[in-house]
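Next up: just one chain, as structure tokens, the form predicted on its own.
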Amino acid sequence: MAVGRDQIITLAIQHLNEDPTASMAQLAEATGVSRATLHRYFAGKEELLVVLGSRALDGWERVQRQAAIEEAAASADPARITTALHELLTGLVNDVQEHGFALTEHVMTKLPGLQERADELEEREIAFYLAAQRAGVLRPDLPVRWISNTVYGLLVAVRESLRRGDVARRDIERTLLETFLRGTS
């Protein structure tokens, strides 16, 4: 059975979540194709990472949209903001299981267009956290970027805890929500 581009991408993501430092040779082996076949689809690891990074950013943006963070922020309604915050964090937990490698793949921040897009998505979240502070949902005494960085750090902890089996999948959303909300609200 021939492995196509989309299958290679999916398998590469899965492998990078287990071994973020994997070489193209290791990715070829993990995806069940030869290095030549992998290079037919992607000239090098940088090109592959651009595709994978774009997918990770698509997921982040999808989570933000589904949680309706911009609408919740504009409403200034604490109940609506709280609901959006829970949906955002839960969505990010689910997304990190698919694209967790992207959280700490620093090469991706140097790739064309990815850092700019990541900055836009982060600014959207920061505006939401600021609205949550103003609505009394999150502590106003914390710098808003600290809150954003805390979410990021917790997502790395989610990825690592799931990868190592430290926290059961069924408990991870609750664990993240409780950890975050007890320290910021």
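One rule holds for the numbers: they count along the sequence shown, beginning at 1. The model shown is predicted, which means the values in this text are computed figures rather than measured ones.
Although not depicted, the form predicted together with a further copy of the same chain is the subject of the following passage.
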a further copy of the same chain in the predicted bound form: contacting segment from 28-36, 51-59, 148-156, 65-73, heavy atom within 4.5 Å: 148-156
Although the partner isn't part of this model, could you tell me whether T104 comes within 4.5 Å of a further copy of the same chain in the predicted bound form, counting any heavy atom of the residue? yes
Is R40 part of the interface with a further copy of the same chain in the predicted bound form - any heavy atom within 4.5 Å? no
Any non-hydrogen atom of Q7 within 4.5 angstroms of a further copy of the same chain in the predicted bound form: no
Would you check, heavy atoms only and a 4.5 Å threshold, whether D141 touches a further copy of the same chain in the predicted bound form? yes
Would I13, E120 and F128 all count as contacting a further copy of the same chain in the predicted bound form, using a 4.5 Å heavy atom cut-off? no
Residues of 164-183 having any heavy atom within 4.5 Å of a further copy of the same chain in the predicted bound form, listed in sequence order: R164, D166, V167, I172, R174, T175, L176, E178, T179, F180, L181, R182, G183
